[in-house]
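Given as structure tokens, the chain that follows is alone and in the form predicted alone.
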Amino acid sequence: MIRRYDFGTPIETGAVVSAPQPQAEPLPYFTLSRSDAALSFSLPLSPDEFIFGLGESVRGVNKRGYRYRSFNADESTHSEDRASLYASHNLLIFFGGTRLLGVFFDDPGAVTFDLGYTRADEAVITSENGDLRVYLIEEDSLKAIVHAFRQLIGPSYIPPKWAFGYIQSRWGYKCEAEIRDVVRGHRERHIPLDGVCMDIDYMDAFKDFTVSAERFPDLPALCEDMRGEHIRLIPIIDAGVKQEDGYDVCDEGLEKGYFCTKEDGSPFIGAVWPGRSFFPDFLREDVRAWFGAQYARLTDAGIEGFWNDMNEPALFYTPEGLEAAIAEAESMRGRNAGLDDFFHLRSVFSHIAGNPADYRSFYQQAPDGLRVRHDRVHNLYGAMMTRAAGEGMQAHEPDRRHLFFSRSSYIGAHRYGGVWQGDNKSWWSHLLLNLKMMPSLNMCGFLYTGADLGGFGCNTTEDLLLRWLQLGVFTPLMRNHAALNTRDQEIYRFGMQEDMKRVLSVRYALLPYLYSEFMKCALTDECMFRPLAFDYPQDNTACRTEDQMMLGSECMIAPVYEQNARGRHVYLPEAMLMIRLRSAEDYDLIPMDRGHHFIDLALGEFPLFVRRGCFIPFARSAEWVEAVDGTNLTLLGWLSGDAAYALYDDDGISTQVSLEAGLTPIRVRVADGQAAASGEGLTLYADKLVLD
């Protein structure tokens, strides 16, 4: 059951596709209080209560005990003290004691979640604007709450099948020759690859929807050559439009009044990569249609996917803010700067980027036609940019899927694209954070997601990249991405490249299963990744386990995430089959009982656990997605009797998808210690199944 409660004058966010009518009676469970415009919702917490949700955020799967703030930020240091990251996903699920309750705070402005931080026995959620909708979701299980919420917010984005292949990316591929070298480096060594990302260097002076004639003289020919190598190019698109006379996107945006404005109605200017830039007002339907149509410039050249970036929106500075900072620094010239002066001077420039005052200085047009100050709708900006891109491609090529993933998001954007988990670092803690974000993002509808494998900032190490790839095998978006001026991070740069290549072979062998589970979850509004509590709510140890996740209906993953570790502790809430993987051809099948285990895992080994009584399909590996034979499958599992699996597959590109049309039942019958498998149109091998 879902109930809606309106407070103040809510701004339509587009997060919900079919909202129930607002309730007349007071909001139950919570105590409400006002302070100026802010509205707070207080809820007592029992000692053993868990709090799930909040999508992309730091710390654990259980969010209890810290203070978070939804206000999208260009924040590259994802350390435990960061209250905000790039996205705002305001779903909470309270679980434990006598309560099972989902709550969605649909507010596009700043919202603070004090989840037992100020007082350990109380959660206080504060809308700083005081204008919002609250949805209460009451069901009889964690899975049912998420299912109901996912139906409320609408279906998840579905990418093309090739987007489940391995993608190589780097800020710093400066020209066509470097792209070709990267592809050659993979293909000559038979390292699987399906995509290469193009960061800001492909543009002409960092201008959206342009291509440098000097560095990329013939993009259509390059795309055609790459398709011959079974590679797609994936360019970046940023939110800011460079201020430049003669740049047609800028000129048209100014002429038609498509950009955000200051209070006096003049265009707002902020600086990002191109310097001074304008920012499209994506809240407006006509602006989204205009901006979304621009992507066709690149798809017509052969591009099939994009990543949207800098769309919180990031602001390096505003002209007014820069002048104020310079004036403040000048006022201190010649002063004997002591402790206070030194820290003040440093803060003058360190706080110039993403300054809250700048976000309060410009305006957008809300869906009801009224002007609204940007900070009140700030968290919608990146989501509406993704919506613009998705709707633009739907209009341009309605029968074809395109790859979209974004840095900034709000619930609702999950219908138009995926997300990556932002500009992380080459830290072991971020490998674990990658794992912990997966189920929280799935709860909020974002199924196509993953982190920058190996880490974006800092310099990765061989063992960190190898272990991170072992986790990335299971995430729908599997992208290796590194920053400018960091260590080269392509697999073939490392001495352990053969181990890394073997890890990728597992990814491609698992693609029939991973794609099947993704599509079934997308089409039935379920989670592909889940905390163990969702499947074992009565098992206290399982509920408190945060470094293992359920994957699909049959599996559990438990990656190694510590430096120099040669194994890890694993808790099995039921008997499972451990598949100790080294490559698609080299693995061990080890039945294990319920309970605590220490698993030996050499650097090139990683585990996948399959529930007893279940099996999964496993293909022969390939070097690109289209080469994977999804009809010739080995079955891996631990059976004592007959079992079945519903395999989903489709053409991987059409937007017309149907669960019923895509499913093929696979059945295994066990008799006299022998297993026989059947599935229409499939060649199946049951000789690897472990039988009681």
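In case it trips you up, residue 1 is the first one in the sequence shown, and so on. These numbers were taken from a predicted model, which means no experiment stands behind them.
Heads up, the form predicted in complex with a small molecule isn't pictured, but that's what we're talking about next.
Interface residue remark: residue 428 is not counted as part of the site for the small molecule in the predicted bound form, having no heavy atom within 4.5 Å. Interface residue remark: residue 128 is not counted as part of the site for the small molecule in the predicted bound form, having no heavy atom within 4.5 Å. The small molecule in the predicted bound form comes within 4.5 Å of no heavy atom belonging to residue 610. Taking the partner from elsewhere, residue 171 is found to have a heavy atom lying within 4.5 Å of the small molecule in the predicted bound form. Contact with the small molecule in the predicted bound form, judged by any heavy atom within 4.5 Å, is made by just one of 578, 200, 521, 219: 200. Here is the short version: of 619, 432, 557, 236, the single residue with a heavy atom within 4.5 Å of the small molecule in the predicted bound form is 236. Screening 130 to 138, 319 to 327, 417 to 425, 491 to 499 for residues having heavy atoms within 4.5 Å of the small molecule in the predicted bound form returns a single hit, 417 to 425.
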